[in-house]
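Have a look below at one chain only, the form predicted on its own, in structure tokens format.
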């Protein structure tokens, strides 16, 4: 692998800021050690959310599934248990009528004094959508999301009652709706289909990606930005990218942990995942894309590892960054240099990893961003911690494999 030229010039594509997202876990069951639970372990949940606040995270995602806790209720709890963390509500348009969704989100925003964010999930699996009575074809779900966004924003901003007669929603004389705390709530959209890019580029405040090779992600960012510009937007969507870091004191120790983790994750997936996501090849383009990267190579760029995606069928955000805190922080900065300004990191040993990221990774990234802001130049972290650009790293990555 050719070592890139890590000079001190800040790339033109680099984001001047970075904020961190985690995912809130409700109980101690993990992919490494699935254990039976009643769903919510309140003491654990409080500890987890407190760890995010203490660790310096900016946001936490409250996921949604047909067999999971309600994201709105959990987001409200997060808002009351923290002072600074912004709760991101994962919302499927098929589950909540848009005017009701607008009301619920505005209520959350008022209760948290302007911290609410919403991530709209159009739906990537027919089987999962059908579990809650949604039989709309996949290619039409993003059209519904587009209409949903329009109704949300009108509900938050119209000063007089309004009516709507669209393809998916119809109502008369709604409003004025319950207003957010101070300004419209940020709307995030993700996905890799053509429809996802179109809706996200035209209307999203945030567009989210799973972690993938640097050059491929940059092409996707350019694609969504091109759609945004073509639609007349002057403000481009913020870019959100998600990873599952595996860290230890050194790169070598991190790889020992990674090989142990992937074996346990593969075993857990074989036992439990089929009950939740169904069998067969994934329908969504994001999972297909992640599996294609995994089939091509296990290692990309400085620290991106795809085997965690391969053993889980890329059923969700599953690509890892492996290495010491310095190597992983440098890898995150590589993505910041490509244009990401929101970085989601969540681990496999959920609470312990969240604490470790807050102690050892977030400060390194923030120190570099502060250095750039003060000097107008890049620091030395990326040049000094090469990861996969150094020959010994690939030896660690393959050591101990069967």
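Positions refer to the first chain, counted from 1. Computed from a predicted model, the values in this text were never measured in an experiment.
One more form of this protein should be noted, the form predicted together with a small molecule, which is absent from this view; the next part is about it.
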query = in the predicted complex, which of the listed residues (306, 208, 327, 155) lies with a heavy atom within 4.5 Å of the small molecule?
reply = 208
query = Considering the small molecule in the predicted complex, which of 177, 201, 286, 180 comes within 4.5 Å of it through any heavy atom?
reply = 286
query = With a 4.5 Å heavy atom cut-off, would you call residue 63 a contact of the small molecule in the predicted complex?
reply = yes
inquiry  = residue 269 versus the small molecule, in the predicted complex: is there a non-hydrogen atom within 4.5 Å?
reply    = no
task = Answer yes if any heavy atom of residue 148 is within 4.5 Å of a heavy atom of the small molecule in the predicted complex; otherwise answer no.
result = no
ask   = Should residue 300 be classed as touching the small molecule in the predicted complex when contacts are defined as heavy atoms within 4.5 Å?
value = no
query = Are all three of 122, 142 and 196 close to the small molecule in the predicted complex, meaning a heavy atom of each within 4.5 Å?
reply = yes
ask   = Out of the stretches listed (164 to 172, 103 to 111, 234 to 242, 79 to 87), which one is close to the small molecule in the predicted complex, meaning heavy atoms within 4.5 Å?
value = 234 to 242
